[in-house]
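Take a look at this single chain, the form predicted on its own, given in structure tokens.
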Amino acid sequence: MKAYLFRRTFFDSFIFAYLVMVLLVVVASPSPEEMLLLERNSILFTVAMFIGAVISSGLNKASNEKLHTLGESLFQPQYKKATKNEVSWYKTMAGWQLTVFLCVTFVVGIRVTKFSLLELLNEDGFAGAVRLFKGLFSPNFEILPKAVLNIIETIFMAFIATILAIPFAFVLSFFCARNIMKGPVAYAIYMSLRTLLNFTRAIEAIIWAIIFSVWVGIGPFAGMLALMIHSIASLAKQYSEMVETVSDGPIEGIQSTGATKLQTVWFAIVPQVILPYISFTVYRWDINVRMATIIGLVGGGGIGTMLIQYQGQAMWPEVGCIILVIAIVVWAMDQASAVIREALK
């Protein structure tokens, strides 16, 4: 119950503080220097969150369900959701809260990204893009043998990265599943590992490729290591979410026989998740093939390195040939992984 109240209040107060800060920016029109005053802005945001928390608590204590907030709608326990009366979204506080949040975020996003139809339809820029596309759609097939050799290297980079990531992700997934890691010590391990994996996954594979290019030198080994690290974090997250959704019946049945924690995991949980694990792993290999073409741009080896060489010299027909090879391989991998995943259902 305490966790639900914390999540609800934090969510509502964050949205309130976010909207207040956007309003302050619109009204005050601060200079870039004022925007960088982190200490002052942090205090303002914290005060706004406190006010939002008070408002959230007050609204959710009201007996009228129409006044309940978006945080309450999202995080309230299942028994409350089951007894809730159906009310049209536009008649509820939660509905209006979500609508305002999305509208404000959309407008802020348009401003931040400097979206402009005038620049998009600019005649000079459009003419330059047309010249570029003419080169791309007139591929130079003289470099096709070299491109094929490089795409094979890329496929094997992705394959080895996926294979090496599987055992690490498999073991970590059980330590990252909340329904297994119960108790103060176990929960501390769970939170530590989830934080570490989230941090690792937040660093894009292209950044890992830069790090390993410095560490082990430019080439496919650096690219493979970058994909492996990112795959471990991503697969562990996907695997752990599968573990968290397993049925409790087999677990309780195994535990009733006096099984140990390890035996419970092996005989009650693994059989339920093994097919989804395989499906996700095949899909991850498909993703890694696509990612491998990108990390080559920073020295990770494979066809990406070849692509950046020709792109840097504005040799667009050659780039067109490389893109065609990548597109065919990605399409073939996508079809193959879809067939395999369908067969494993």
Partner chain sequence: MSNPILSVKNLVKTYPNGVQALKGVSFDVKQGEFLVVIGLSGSGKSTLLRCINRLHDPTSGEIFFEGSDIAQVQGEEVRSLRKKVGMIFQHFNLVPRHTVLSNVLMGSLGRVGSFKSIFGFFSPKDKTDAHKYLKLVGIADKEKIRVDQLSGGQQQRVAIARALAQGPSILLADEPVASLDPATCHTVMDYLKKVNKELGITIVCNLHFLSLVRQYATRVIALKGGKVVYEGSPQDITEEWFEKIYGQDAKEVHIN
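Numbering follows the first chain given and starts at 1. Bear in mind that the values here come from a model prediction, so they are computed numbers and not experimental data.
The discussion below concerns the form predicted together with its partner chain, not included here.
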Students should find that, of F168, F221, F141, F267, the residue having a non-hydrogen atom no more than 4.5 angstroms from its partner chain in the model of the complex is F267
Exactly one of L121, V216, L262, A202 comes within 4.5 Å of its partner chain in the model of the complex through a heavy atom, and that residue is L262
Which of 96-104, 180-188, 202-210, 250-258 lies within 4.5 Å of its partner chain in the model of the complex, heavy atoms considered? The stretch 250-258
Checklist entry - in the model of the complex, does P271 have a heavy atom within 4.5 Å of its partner chain? => result yes
Heavy atom of L275 within 4.5 Å of its partner chain in the model of the complex:
yes
When its partner chain is considered in the model of the complex, the residues of 3-30 having a heavy atom within 4.5 Å of it are none
